[in-house]
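Coming up, as structure tokens: structure 1 and structure 2, two forms of one and the same protein chain.
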Structure 1
């Protein structure tokens, strides 16, 4: 079995999940606490990848990240390389495509918190940042676990977006979903079965682990 695409997919999923947890946490917190009239607009934009066809999102990302695009042209001037058909481009596309799977679980966890615990921390002299890390984060671990698992698993199974933005370049953008598609196209069903079975087992165990952890954290 060719493990190159699988290894590249794991790298992409890890980097994407890390970026989404770092950037998605403040966004999820703002969405959970804001009373701005723009809150619903931002929430709808964040959730759009759930309902948009991957090829539609991939097409516009290809336009924006391409050498003539707003972001792509700037990247070419800065690095001399293109974002499209590269690992960096895949990371950007994956972060956008998996954004709601990271933000929504954290937002739900933040919204379920009792405001009295935060107010008590502020009364004791804790800054908002200190109260967030000492009170909010520990009480929202279930949301962080769900966000991490869902973002990782969703990124690992991407096809349409990564194909549009990254193509099928071995060692650079040929992730496992594209490798499976290519094996099916060439009637190499044995190789397609092997990679598919790995993804099925991985998806089951990672979701089983998440449900098991969340069950243990349920209040008695």
Structure 2
């Protein structure tokens, strides 16, 4: 069995999840705290990427990230490489596609935190940032776990966007979901079953471990 696509998928899912947590956290925090009239608008906009079919979203991303596109041309100027058909491009596309799955659980967790806990941290000498990491984050662990799980799993299973932006190039953008897809398309069921099973077992044990750890840690 060719382990390459699985490995690539795991890398992609890992990097994407990491980026989403890092970038999604401030966004989710802003959404949870804002009293602005724009809050609901931004919140709805964040949910938009999932409304489009992946292939269609992939198509639009292909245009934007391509060497002639807004972001793509800027990237070419900056790095000399094209963004599409590269790992970096895949990460950007996956991030956009999975953004709402990361932001919503974190936002919910932040919103259900009572503000007095934060105030207690401030008066104990914690700056806003310090209080965020020492109080908000641990008390919102559930939200982070959900965000990680949904973003990670979703990126593993992603397909349309990756195929469009990445181009199914072995070793570069041929992720495991595409590999399974190809096995199914070519009626090579045995290989498809095998790869699916490996993927599912892999994902299962990662998620199971995560839930288990999360449960231990959870304050009751």
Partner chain sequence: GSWADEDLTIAVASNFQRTAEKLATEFTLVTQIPIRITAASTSNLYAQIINGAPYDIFLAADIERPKSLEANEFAVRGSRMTYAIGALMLWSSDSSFEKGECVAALESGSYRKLAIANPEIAPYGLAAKEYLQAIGNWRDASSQLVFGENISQTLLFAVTGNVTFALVARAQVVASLPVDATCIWKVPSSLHSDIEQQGVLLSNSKSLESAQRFMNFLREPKAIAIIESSGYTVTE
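Given the structure is predicted, the values throughout are model-derived calculations rather than measurements. The term rigid core refers to the most C-alpha atoms you can superpose between the two forms while keeping them within 1.5 Å. Positions refer to the first chain, counted from 1.
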{"property": "Label of the structure corresponding to the form predicted together with the partner chain", "result": "2"}
{"property": "Threshold 2 Å Cα movement between structures 1 and 2 for residue 186, core superposed", "result": "yes"}
{"property": "Residue shift check between structures 1 and 2, rigid core fit, residue 203 Cα at least 2 Å", "result": "yes"}
